[in-house]
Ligand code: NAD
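Below you will find one chain, with nothing else, as C-alpha coordinates; this is the form predicted on its own, and questions on how it binds or moves follow later.
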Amino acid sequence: MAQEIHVIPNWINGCEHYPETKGTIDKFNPHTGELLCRVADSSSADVAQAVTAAALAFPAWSDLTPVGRGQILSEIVAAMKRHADKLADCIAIETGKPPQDAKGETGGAILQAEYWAGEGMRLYGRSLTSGMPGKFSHTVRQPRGVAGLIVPANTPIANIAWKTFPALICGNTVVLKAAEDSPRIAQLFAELTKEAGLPDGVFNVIQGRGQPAGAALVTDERVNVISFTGSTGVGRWIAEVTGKRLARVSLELGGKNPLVVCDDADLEHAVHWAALSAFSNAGQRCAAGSRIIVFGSIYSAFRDKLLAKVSSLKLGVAAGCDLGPVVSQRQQQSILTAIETTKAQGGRVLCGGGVPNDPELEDGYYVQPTVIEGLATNAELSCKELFGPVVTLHEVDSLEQALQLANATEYGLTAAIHTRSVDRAMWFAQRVKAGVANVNMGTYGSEPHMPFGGFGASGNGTREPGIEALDVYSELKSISFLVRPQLL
(Lines give C-alpha, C1' and ligand atoms only; values in the text may rest on other atoms or scores of the structure.)
Protein backbone atom coordinates (compact mmCIF):
# COMPACT_ATOMS: atom_id res chain seq x y z
CA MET A 1 0.00 0.00 0.00
CA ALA A 2 1.46 3.32 -1.07
CA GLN A 3 2.28 5.77 1.69
CA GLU A 4 0.02 8.82 1.76
CA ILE A 5 1.82 12.01 0.76
CA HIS A 6 1.19 14.90 3.13
CA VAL A 7 0.15 18.31 1.79
CA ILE A 8 1.68 21.37 3.48
CA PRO A 9 -1.02 24.06 3.72
CA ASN A 10 -0.94 27.79 4.29
CA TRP A 11 -1.35 29.18 7.79
CA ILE A 12 -3.81 32.07 7.93
CA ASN A 13 -5.42 33.65 10.98
CA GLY A 14 -4.15 30.96 13.32
CA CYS A 15 -5.17 27.84 11.40
CA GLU A 16 -4.41 25.76 8.31
CA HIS A 17 -5.79 26.93 4.97
CA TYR A 18 -5.59 25.09 1.69
CA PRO A 19 -5.36 27.12 -1.54
CA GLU A 20 -8.57 27.97 -3.33
CA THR A 21 -7.43 26.15 -6.47
CA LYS A 22 -6.41 23.02 -4.49
CA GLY A 23 -3.19 23.07 -6.52
CA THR A 24 0.04 21.65 -5.10
CA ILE A 25 3.78 21.56 -5.82
CA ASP A 26 5.87 18.42 -5.40
CA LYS A 27 8.69 18.65 -2.85
CA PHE A 28 11.41 15.99 -3.09
CA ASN A 29 13.84 14.70 -0.49
CA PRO A 30 17.22 16.10 -1.58
CA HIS A 31 19.07 13.08 -0.16
CA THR A 32 17.03 10.36 -1.85
CA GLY A 33 15.21 12.12 -4.67
CA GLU A 34 11.93 10.63 -3.44
CA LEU A 35 8.71 12.59 -3.18
CA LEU A 36 8.64 13.98 0.35
CA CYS A 37 5.41 16.00 0.43
CA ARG A 38 3.23 18.31 -1.60
CA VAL A 39 3.02 22.03 -0.98
CA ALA A 40 0.10 24.40 -1.36
CA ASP A 41 0.45 26.21 -4.69
CA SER A 42 -1.01 29.52 -3.50
CA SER A 43 -2.60 32.10 -5.76
CA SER A 44 -2.81 35.86 -5.41
CA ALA A 45 -6.24 35.36 -3.80
CA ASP A 46 -4.68 33.22 -1.06
CA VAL A 47 -2.06 35.90 -0.45
CA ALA A 48 -4.76 38.56 -0.26
CA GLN A 49 -6.57 36.49 2.38
CA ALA A 50 -3.39 36.29 4.48
CA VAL A 51 -2.73 40.01 4.15
CA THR A 52 -6.31 40.73 5.21
CA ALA A 53 -5.85 38.60 8.33
CA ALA A 54 -2.62 40.42 9.16
CA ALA A 55 -4.18 43.83 8.58
CA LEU A 56 -7.13 43.03 10.84
CA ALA A 57 -4.81 41.78 13.60
CA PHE A 58 -2.54 44.82 13.40
CA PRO A 59 -4.44 47.34 15.60
CA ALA A 60 -4.59 45.09 18.67
CA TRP A 61 -1.03 43.78 18.28
CA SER A 62 0.48 47.23 17.74
CA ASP A 63 -1.46 48.61 20.75
CA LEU A 64 0.18 46.04 22.99
CA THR A 65 3.23 47.53 24.70
CA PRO A 66 6.66 46.46 23.42
CA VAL A 67 7.27 44.80 26.79
CA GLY A 68 4.03 42.86 26.40
CA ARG A 69 4.96 41.82 22.87
CA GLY A 70 8.35 40.72 24.14
CA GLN A 71 6.75 38.54 26.77
CA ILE A 72 4.73 36.70 24.12
CA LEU A 73 7.83 36.34 21.94
CA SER A 74 9.61 34.85 24.96
CA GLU A 75 6.90 32.19 25.08
CA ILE A 76 7.64 31.42 21.42
CA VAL A 77 11.31 31.06 22.34
CA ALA A 78 10.38 28.62 25.08
CA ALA A 79 8.29 26.62 22.60
CA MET A 80 11.20 26.55 20.15
CA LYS A 81 13.44 25.17 22.88
CA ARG A 82 10.91 22.49 23.81
CA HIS A 83 10.61 21.42 20.19
CA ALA A 84 14.22 22.05 19.11
CA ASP A 85 14.81 18.42 18.11
CA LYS A 86 11.63 18.38 16.03
CA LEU A 87 12.64 21.58 14.26
CA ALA A 88 16.15 20.27 13.59
CA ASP A 89 14.85 16.94 12.28
CA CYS A 90 12.54 18.77 9.88
CA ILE A 91 15.40 20.95 8.60
CA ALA A 92 17.66 17.93 8.14
CA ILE A 93 15.08 16.09 6.03
CA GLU A 94 13.85 19.07 3.98
CA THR A 95 17.23 20.60 3.16
CA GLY A 96 19.56 17.60 3.32
CA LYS A 97 21.69 18.90 6.17
CA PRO A 98 23.68 16.54 8.40
CA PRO A 99 22.08 16.46 11.87
CA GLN A 100 24.76 18.51 13.62
CA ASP A 101 24.30 21.31 11.07
CA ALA A 102 20.51 21.25 11.45
CA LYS A 103 20.84 21.42 15.24
CA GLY A 104 23.33 24.27 14.95
CA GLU A 105 20.98 26.24 12.73
CA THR A 106 18.10 25.68 15.15
CA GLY A 107 20.23 26.85 18.06
CA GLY A 108 21.15 29.98 16.13
CA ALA A 109 17.49 30.71 15.43
CA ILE A 110 16.69 30.38 19.13
CA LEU A 111 19.49 32.82 20.01
CA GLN A 112 18.10 35.26 17.47
CA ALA A 113 14.63 34.92 18.96
CA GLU A 114 15.90 35.45 22.52
CA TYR A 115 17.71 38.62 21.51
CA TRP A 116 14.63 40.18 19.92
CA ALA A 117 12.25 39.09 22.67
CA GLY A 118 14.40 41.10 25.07
CA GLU A 119 14.38 44.09 22.75
CA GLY A 120 10.87 44.92 23.92
CA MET A 121 12.44 46.35 27.07
CA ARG A 122 14.53 48.82 25.07
CA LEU A 123 13.37 49.62 21.52
CA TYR A 124 15.93 52.44 21.55
CA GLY A 125 14.26 55.82 21.57
CA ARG A 126 16.46 58.85 22.28
CA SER A 127 16.30 62.09 24.22
CA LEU A 128 17.38 65.11 22.17
CA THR A 129 18.56 68.56 23.17
CA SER A 130 17.13 71.74 21.66
CA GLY A 131 18.24 75.30 20.98
CA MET A 132 14.82 76.57 22.11
CA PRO A 133 14.49 77.25 25.85
CA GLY A 134 11.95 75.00 27.50
CA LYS A 135 11.74 72.59 24.55
CA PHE A 136 12.22 68.91 25.32
CA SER A 137 12.35 66.35 22.51
CA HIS A 138 12.56 62.61 22.20
CA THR A 139 12.10 59.92 19.58
CA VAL A 140 9.88 56.83 19.65
CA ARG A 141 9.59 53.88 17.31
CA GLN A 142 6.23 52.90 15.89
CA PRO A 143 5.28 49.89 13.73
CA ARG A 144 4.82 50.21 10.00
CA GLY A 145 1.90 47.79 9.59
CA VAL A 146 1.88 44.51 7.67
CA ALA A 147 5.34 43.05 7.03
CA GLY A 148 5.84 40.78 4.01
CA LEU A 149 8.78 38.48 4.71
CA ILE A 150 10.25 36.34 1.92
CA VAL A 151 12.81 33.73 2.95
CA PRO A 152 15.09 31.28 1.07
CA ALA A 153 15.54 27.56 1.70
CA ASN A 154 19.24 27.41 2.55
CA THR A 155 18.93 28.14 6.30
CA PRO A 156 15.16 28.16 6.73
CA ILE A 157 14.54 28.40 10.48
CA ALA A 158 17.38 30.90 10.87
CA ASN A 159 15.91 33.05 8.11
CA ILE A 160 12.43 32.85 9.61
CA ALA A 161 13.70 33.96 13.03
CA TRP A 162 15.97 36.60 11.49
CA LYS A 163 12.99 38.43 9.97
CA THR A 164 9.96 37.46 12.05
CA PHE A 165 11.13 38.44 15.52
CA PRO A 166 12.27 42.02 14.76
CA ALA A 167 9.12 42.57 12.72
CA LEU A 168 6.89 41.40 15.56
CA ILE A 169 8.68 43.17 18.41
CA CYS A 170 8.25 46.46 16.55
CA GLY A 171 4.48 45.83 16.48
CA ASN A 172 4.03 44.75 12.88
CA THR A 173 1.96 41.77 11.83
CA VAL A 174 3.50 39.28 9.42
CA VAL A 175 2.80 37.40 6.21
CA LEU A 176 5.73 35.05 5.62
CA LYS A 177 6.29 33.64 2.12
CA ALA A 178 7.94 30.29 2.86
CA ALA A 179 10.56 28.82 0.54
CA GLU A 180 9.00 26.15 -1.68
CA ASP A 181 12.02 23.90 -1.01
CA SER A 182 11.61 24.12 2.80
CA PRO A 183 7.87 24.43 3.42
CA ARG A 184 7.31 22.22 6.45
CA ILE A 185 9.63 24.16 8.78
CA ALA A 186 7.55 27.32 8.26
CA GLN A 187 4.38 25.42 9.14
CA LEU A 188 5.99 23.98 12.29
CA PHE A 189 7.07 27.44 13.38
CA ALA A 190 3.56 28.78 12.82
CA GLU A 191 2.14 26.02 14.98
CA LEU A 192 4.60 26.94 17.75
CA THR A 193 3.50 30.58 17.66
CA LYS A 194 -0.08 29.38 18.23
CA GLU A 195 1.03 27.14 21.10
CA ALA A 196 2.88 30.08 22.66
CA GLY A 197 -0.18 32.33 22.64
CA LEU A 198 0.52 34.65 19.71
CA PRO A 199 -2.86 36.12 18.71
CA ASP A 200 -4.42 34.76 15.54
CA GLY A 201 -3.61 36.75 12.43
CA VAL A 202 -0.39 38.23 13.78
CA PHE A 203 1.75 35.61 12.00
CA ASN A 204 0.65 34.04 8.71
CA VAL A 205 2.42 31.74 6.25
CA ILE A 206 1.90 31.53 2.50
CA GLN A 207 3.32 28.52 0.66
CA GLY A 208 3.95 28.31 -3.06
CA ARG A 209 6.01 29.71 -5.88
CA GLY A 210 7.66 33.08 -6.17
CA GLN A 211 5.27 33.70 -9.04
CA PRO A 212 2.40 34.18 -8.30
CA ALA A 213 2.50 33.96 -4.48
CA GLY A 214 5.65 35.94 -3.71
CA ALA A 215 4.87 38.52 -6.38
CA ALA A 216 1.36 39.02 -4.99
CA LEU A 217 2.79 39.77 -1.57
CA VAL A 218 5.18 42.33 -3.01
CA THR A 219 2.53 44.10 -5.06
CA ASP A 220 -0.19 44.22 -2.37
CA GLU A 221 -0.39 47.89 -1.37
CA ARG A 222 -1.47 46.94 2.16
CA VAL A 223 1.98 45.46 2.80
CA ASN A 224 3.97 48.30 4.33
CA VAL A 225 7.42 46.72 4.58
CA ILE A 226 9.05 43.96 2.52
CA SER A 227 12.11 42.02 3.67
CA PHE A 228 13.57 39.70 1.05
CA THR A 229 16.56 37.37 1.09
CA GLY A 230 17.36 35.78 -2.25
CA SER A 231 18.74 36.42 -5.71
CA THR A 232 19.89 39.79 -6.95
CA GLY A 233 17.63 39.58 -10.02
CA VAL A 234 14.48 39.15 -7.94
CA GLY A 235 15.69 41.80 -5.52
CA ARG A 236 15.99 44.34 -8.33
CA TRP A 237 12.42 43.59 -9.40
CA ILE A 238 11.16 44.03 -5.84
CA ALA A 239 12.97 47.35 -5.50
CA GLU A 240 11.43 48.59 -8.74
CA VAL A 241 7.88 47.53 -7.90
CA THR A 242 7.82 48.67 -4.30
CA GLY A 243 9.61 51.90 -5.09
CA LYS A 244 6.57 53.10 -6.99
CA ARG A 245 4.51 53.07 -3.79
CA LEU A 246 7.40 54.05 -1.49
CA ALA A 247 7.16 50.91 0.63
CA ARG A 248 10.01 50.18 3.02
CA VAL A 249 12.22 47.46 1.55
CA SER A 250 15.12 45.45 2.94
CA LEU A 251 17.06 43.39 0.40
CA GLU A 252 19.76 40.88 1.34
CA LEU A 253 20.93 39.46 -1.96
CA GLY A 254 23.77 37.50 -3.51
CA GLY A 255 27.47 37.38 -2.88
CA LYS A 256 30.70 36.30 -4.57
CA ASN A 257 32.81 36.51 -1.46
CA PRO A 258 36.62 36.61 -1.46
CA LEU A 259 38.89 34.93 1.07
CA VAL A 260 42.45 36.27 0.82
CA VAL A 261 45.41 34.20 2.04
CA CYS A 262 48.59 36.24 2.55
CA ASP A 263 52.13 34.91 2.51
CA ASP A 264 52.38 35.24 6.30
CA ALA A 265 49.16 33.33 7.03
CA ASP A 266 48.92 30.20 9.15
CA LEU A 267 48.23 27.85 6.24
CA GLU A 268 46.58 25.06 8.22
CA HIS A 269 44.25 27.57 9.85
CA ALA A 270 43.53 29.28 6.52
CA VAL A 271 42.76 25.98 4.81
CA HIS A 272 40.36 25.04 7.60
CA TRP A 273 38.39 28.26 7.22
CA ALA A 274 38.57 28.26 3.43
CA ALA A 275 37.01 24.79 3.30
CA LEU A 276 34.28 25.75 5.77
CA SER A 277 33.54 28.96 3.88
CA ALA A 278 33.34 27.23 0.52
CA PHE A 279 31.69 23.90 1.32
CA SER A 280 29.69 23.99 4.55
CA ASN A 281 25.95 23.85 3.90
CA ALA A 282 26.96 22.48 0.47
CA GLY A 283 28.09 25.99 -0.48
CA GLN A 284 24.51 27.24 -0.19
CA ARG A 285 25.29 30.45 1.65
CA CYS A 286 25.04 34.00 0.38
CA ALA A 287 28.20 34.49 2.48
CA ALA A 288 30.04 31.47 1.06
CA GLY A 289 33.72 32.02 0.35
CA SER A 290 33.56 31.11 -3.33
CA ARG A 291 36.75 32.92 -4.43
CA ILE A 292 40.06 32.14 -2.73
CA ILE A 293 42.81 34.64 -3.53
CA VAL A 294 46.30 33.45 -2.61
CA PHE A 295 49.73 35.08 -2.66
CA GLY A 296 51.96 33.51 -5.32
CA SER A 297 54.80 32.51 -2.99
CA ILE A 298 52.53 30.17 -1.04
CA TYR A 299 50.02 29.33 -3.77
CA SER A 300 51.23 25.78 -4.47
CA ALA A 301 51.54 24.89 -0.80
CA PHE A 302 48.09 26.27 0.00
CA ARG A 303 46.51 24.57 -3.02
CA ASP A 304 47.96 21.18 -2.05
CA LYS A 305 46.76 21.49 1.53
CA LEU A 306 43.31 22.62 0.39
CA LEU A 307 42.97 19.72 -2.05
CA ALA A 308 43.96 17.29 0.70
CA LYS A 309 41.35 18.82 2.97
CA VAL A 310 38.64 18.69 0.31
CA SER A 311 39.40 15.06 -0.49
CA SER A 312 38.77 14.22 3.17
CA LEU A 313 35.29 15.78 3.24
CA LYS A 314 32.48 13.27 3.65
CA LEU A 315 29.22 13.69 1.76
CA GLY A 316 25.92 12.53 3.20
CA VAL A 317 23.28 13.25 5.81
CA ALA A 318 24.54 11.03 8.61
CA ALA A 319 26.06 12.43 11.78
CA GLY A 320 29.61 13.59 11.16
CA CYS A 321 29.20 14.19 7.41
CA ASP A 322 30.68 17.48 6.24
CA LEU A 323 28.12 18.43 3.59
CA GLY A 324 24.88 17.12 2.22
CA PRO A 325 23.16 17.55 -1.13
CA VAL A 326 22.00 20.83 -2.60
CA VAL A 327 18.34 21.51 -2.00
CA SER A 328 16.84 20.61 -5.39
CA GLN A 329 17.53 18.82 -8.62
CA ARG A 330 17.12 22.12 -10.44
CA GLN A 331 19.95 23.60 -8.38
CA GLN A 332 22.13 20.53 -8.85
CA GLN A 333 21.80 20.65 -12.63
CA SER A 334 22.51 24.38 -12.70
CA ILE A 335 25.77 23.84 -10.79
CA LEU A 336 26.90 20.93 -12.95
CA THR A 337 26.18 22.91 -16.11
CA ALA A 338 28.21 25.86 -14.80
CA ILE A 339 31.17 23.56 -14.08
CA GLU A 340 31.10 22.21 -17.62
CA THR A 341 30.92 25.73 -19.04
CA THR A 342 33.91 26.68 -16.91
CA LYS A 343 35.99 23.90 -18.46
CA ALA A 344 35.34 25.36 -21.91
CA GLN A 345 36.54 28.75 -20.62
CA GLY A 346 39.94 27.43 -19.53
CA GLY A 347 39.15 26.44 -15.97
CA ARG A 348 40.97 23.40 -14.60
CA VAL A 349 38.95 21.25 -12.23
CA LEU A 350 41.45 20.15 -9.57
CA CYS A 351 38.96 18.01 -7.66
CA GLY A 352 35.27 17.21 -7.75
CA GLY A 353 33.37 18.57 -10.71
CA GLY A 354 30.58 16.02 -10.80
CA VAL A 355 28.34 13.80 -8.72
CA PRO A 356 29.71 11.30 -6.18
CA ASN A 357 30.18 7.64 -7.13
CA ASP A 358 28.74 6.33 -3.86
CA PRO A 359 25.59 4.29 -4.71
CA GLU A 360 23.98 5.48 -1.45
CA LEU A 361 24.11 9.05 -2.77
CA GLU A 362 23.41 8.56 -6.47
CA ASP A 363 19.70 9.34 -6.27
CA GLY A 364 20.17 12.53 -4.25
CA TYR A 365 21.05 16.02 -5.42
CA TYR A 366 24.72 15.80 -4.58
CA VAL A 367 27.58 17.76 -6.11
CA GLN A 368 31.16 16.88 -5.21
CA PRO A 369 33.08 19.69 -3.49
CA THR A 370 34.87 21.26 -6.43
CA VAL A 371 38.03 23.35 -6.70
CA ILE A 372 38.81 25.15 -9.98
CA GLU A 373 41.86 27.16 -11.00
CA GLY A 374 42.99 28.95 -14.13
CA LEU A 375 39.87 31.00 -14.75
CA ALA A 376 40.15 34.57 -15.93
CA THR A 377 39.07 37.07 -13.34
CA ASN A 378 36.23 38.21 -15.61
CA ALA A 379 34.96 34.68 -16.32
CA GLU A 380 31.35 34.17 -15.28
CA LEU A 381 32.16 31.77 -12.44
CA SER A 382 34.76 34.23 -11.12
CA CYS A 383 32.14 36.96 -10.88
CA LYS A 384 28.66 35.45 -10.49
CA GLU A 385 27.10 33.66 -7.53
CA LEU A 386 26.58 29.92 -8.09
CA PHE A 387 25.19 28.81 -4.69
CA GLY A 388 26.86 25.43 -4.52
CA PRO A 389 30.03 23.65 -3.33
CA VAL A 390 32.32 25.17 -5.96
CA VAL A 391 35.30 27.44 -5.31
CA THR A 392 37.79 29.12 -7.63
CA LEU A 393 41.48 29.72 -6.84
CA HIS A 394 43.27 32.89 -7.94
CA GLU A 395 46.96 33.75 -7.64
CA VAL A 396 48.17 37.30 -6.86
CA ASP A 397 51.51 38.99 -6.20
CA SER A 398 50.58 41.60 -3.57
CA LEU A 399 47.96 42.78 -1.14
CA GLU A 400 47.05 45.61 -3.51
CA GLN A 401 46.39 43.09 -6.28
CA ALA A 402 44.40 40.91 -3.88
CA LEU A 403 42.21 43.87 -2.96
CA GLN A 404 41.69 44.79 -6.61
CA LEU A 405 40.58 41.23 -7.39
CA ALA A 406 38.42 41.00 -4.27
CA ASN A 407 36.54 44.10 -5.41
CA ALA A 408 36.25 43.01 -9.05
CA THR A 409 32.61 41.93 -8.82
CA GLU A 410 29.21 43.60 -8.66
CA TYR A 411 28.63 42.07 -5.24
CA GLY A 412 29.93 43.24 -1.90
CA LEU A 413 28.55 41.07 0.88
CA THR A 414 31.38 39.52 2.91
CA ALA A 415 35.15 39.06 2.76
CA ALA A 416 37.94 37.51 4.80
CA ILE A 417 41.70 37.84 5.02
CA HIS A 418 44.23 35.53 6.64
CA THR A 419 47.41 37.19 7.83
CA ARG A 420 49.52 37.63 10.95
CA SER A 421 49.87 41.36 10.27
CA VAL A 422 47.44 43.72 11.99
CA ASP A 423 48.45 46.43 9.53
CA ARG A 424 47.61 44.29 6.51
CA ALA A 425 44.35 43.14 8.07
CA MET A 426 43.17 46.66 8.88
CA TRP A 427 44.25 48.06 5.52
CA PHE A 428 42.32 45.36 3.68
CA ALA A 429 39.24 45.42 5.93
CA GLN A 430 38.87 49.18 5.52
CA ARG A 431 39.09 49.02 1.72
CA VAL A 432 37.38 45.83 0.67
CA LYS A 433 33.93 46.34 -0.86
CA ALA A 434 31.95 44.28 1.62
CA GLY A 435 29.45 44.82 4.40
CA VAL A 436 31.26 42.25 6.57
CA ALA A 437 35.04 41.80 6.75
CA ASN A 438 36.57 39.03 8.89
CA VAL A 439 40.19 38.48 9.86
CA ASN A 440 41.58 34.96 10.27
CA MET A 441 38.06 33.50 10.07
CA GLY A 442 35.62 32.47 7.40
CA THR A 443 33.49 34.69 5.20
CA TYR A 444 30.36 34.01 7.28
CA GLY A 445 29.49 34.19 10.98
CA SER A 446 26.79 36.77 11.74
CA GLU A 447 25.40 36.79 15.28
CA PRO A 448 22.00 38.08 16.51
CA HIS A 449 23.36 41.42 17.69
CA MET A 450 25.55 42.03 14.63
CA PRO A 451 24.32 43.84 11.50
CA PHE A 452 24.59 41.91 8.24
CA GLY A 453 24.24 43.17 4.69
CA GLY A 454 26.27 44.25 1.72
CA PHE A 455 27.29 46.78 -0.89
CA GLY A 456 26.42 46.95 -4.57
CA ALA A 457 24.38 44.05 -5.92
CA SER A 458 24.39 42.38 -2.50
CA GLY A 459 21.61 44.58 -1.13
CA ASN A 460 20.02 47.97 -0.87
CA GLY A 461 21.95 49.22 2.15
CA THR A 462 19.73 47.95 4.96
CA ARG A 463 21.12 45.76 7.72
CA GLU A 464 19.55 42.83 9.51
CA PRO A 465 19.74 41.56 12.23
CA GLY A 466 21.32 43.68 14.99
CA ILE A 467 19.75 46.84 16.32
CA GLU A 468 19.90 48.26 12.81
CA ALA A 469 16.93 46.04 11.91
CA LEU A 470 14.73 48.41 13.94
CA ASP A 471 15.18 50.91 11.10
CA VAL A 472 13.66 48.38 8.71
CA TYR A 473 10.62 47.45 10.77
CA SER A 474 9.69 50.69 12.52
CA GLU A 475 8.98 54.33 11.83
CA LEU A 476 10.95 56.87 13.84
CA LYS A 477 8.84 59.70 15.26
CA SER A 478 10.18 62.84 16.94
CA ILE A 479 7.99 64.27 19.73
CA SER A 480 8.64 67.65 21.34
CA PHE A 481 7.18 69.50 24.35
CA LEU A 482 7.43 73.19 25.11
CA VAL A 483 7.35 73.92 28.83
CA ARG A 484 5.98 77.44 29.55
CA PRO A 485 7.13 78.74 32.94
CA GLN A 486 4.00 80.92 33.36
CA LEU A 487 1.89 77.75 33.54
CA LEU A 488 3.97 76.19 36.33
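Because the structure is a prediction, the values reported are computed rather than measured. From 1 onward, residues are counted along the sequence shown.
We do not show the form predicted in complex with the ligand, though everything after this point is about it.
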Heavy atom of each of 101, 277 and 352 within 4.5 Å of the ligand in the model of the complex: no
query: Is there a heavy atom of residue 218 lying 4.5 Å or less from a heavy atom of the ligand in the model of the complex?
result: yes
- prompt: Contact between residue 158 and the ligand in the model of the complex at 4.5 Å, heavy atoms?
  reply: no
message: in the model of the complex, is there a heavy atom of the ligand that lies within 4.5 Å of any heavy atom of residue 145, even though the partner is absent here?
response: no
task: Answer for residue 452 alone: is it within 4.5 Å of the ligand in the model of the complex, judged on heavy atom distances?
output: yes
task: Note which of 321, 336, 234, 192 lies within 4.5 Å of the ligand in the model of the complex, where distance is taken over heavy atoms; exactly one does.
output: 234
task: Sort through 374, 107, 152, 356 and report the residue having a heavy atom within 4.5 Å of the ligand in the model of the complex.
output: 152
- prompt: Any idea which of 252 to 260, 132 to 140, 396 to 404, 358 to 366 reaches within 4.5 Å of the ligand in the model of the complex, heavy atoms considered?
  reply: 252 to 260
query: Which residues within 400 to 414 place at least one heavy atom within 4.5 Å of the ligand in the model of the complex?
result: 413
